[in-house]
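This document starts with one chain, in the form predicted alone, laid out as structure tokens.
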């Protein structure tokens, strides 16, 4: 997925002057954009000291924490939106974190890279192993990626957790974006971004 494309979609979903929590915010580029263009009240959460320094240099309020340990420092519904962008694959307990996101936030926005994408399957088939391209970075012993989830698996998890998809965008390999699911999307979609709410 192209970060600029994902950031643009997320920005469209965020209501002006909302309270936003950005988990695994990296260098704060998405949150900085939302503060500038949507006038949000934003807080980032990041574990990397280097990324925190970059956030602070960009004027972003950032909290150093391991989001795998939960979000107990925030009360229920403290935020309008809680974002987990390009981070799901490094989370040890994703179901727990998603539940926490929908406890502290009215809506959750999550991006997912689709391990079931046909190009990934072909690389595994011909190489006989998960390639560096599929892992995103590194070899098996030093990649930060620990979760290889397919689109179908992620959607099934949302159903099991009684979570509604409010909106979604599905990214195609040639740069196209779909608003609705299509036949064979678990094969043909590179990744997706979802806006979620708890079923009422």
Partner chain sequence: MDSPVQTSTLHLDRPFRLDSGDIIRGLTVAYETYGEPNSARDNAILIEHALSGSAHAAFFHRGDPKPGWWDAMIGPGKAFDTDRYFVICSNVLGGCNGTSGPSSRNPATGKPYALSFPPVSIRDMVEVQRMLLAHLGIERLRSIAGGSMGGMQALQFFADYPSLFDSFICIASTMRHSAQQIAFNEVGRRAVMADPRWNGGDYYGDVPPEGGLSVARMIGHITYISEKMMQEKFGRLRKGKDDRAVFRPSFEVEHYLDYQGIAFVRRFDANSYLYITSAIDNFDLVSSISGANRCRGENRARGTGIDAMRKKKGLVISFTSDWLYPTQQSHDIVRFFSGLNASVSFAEIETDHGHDAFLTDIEGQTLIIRSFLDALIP
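Quantities reported herein were computed from a predicted structural model and do not represent experimental measurements. Positions refer to the first chain, counted from 1.
Not on display, but discussed next: the form predicted in complex with the partner chain.
Student: Using a 4.5 Å heavy atom cut-off, which stretch among 23-31, 148-156, 161-169, 66-74 contacts the partner chain in the predicted bound form?
Tutor: Result of the contact check: 66-74.
Student: Using the partner position in the predicted bound form, report whether residue 175 sits within 4.5 Å of the partner chain, counting heavy atoms only.
Tutor: Contact with the partner chain, no.
Student: Considering only 174-192, what residues come within 4.5 Å of the partner chain in the predicted bound form, judged by heavy atoms?
Tutor: Residues within 4.5 Å: none.
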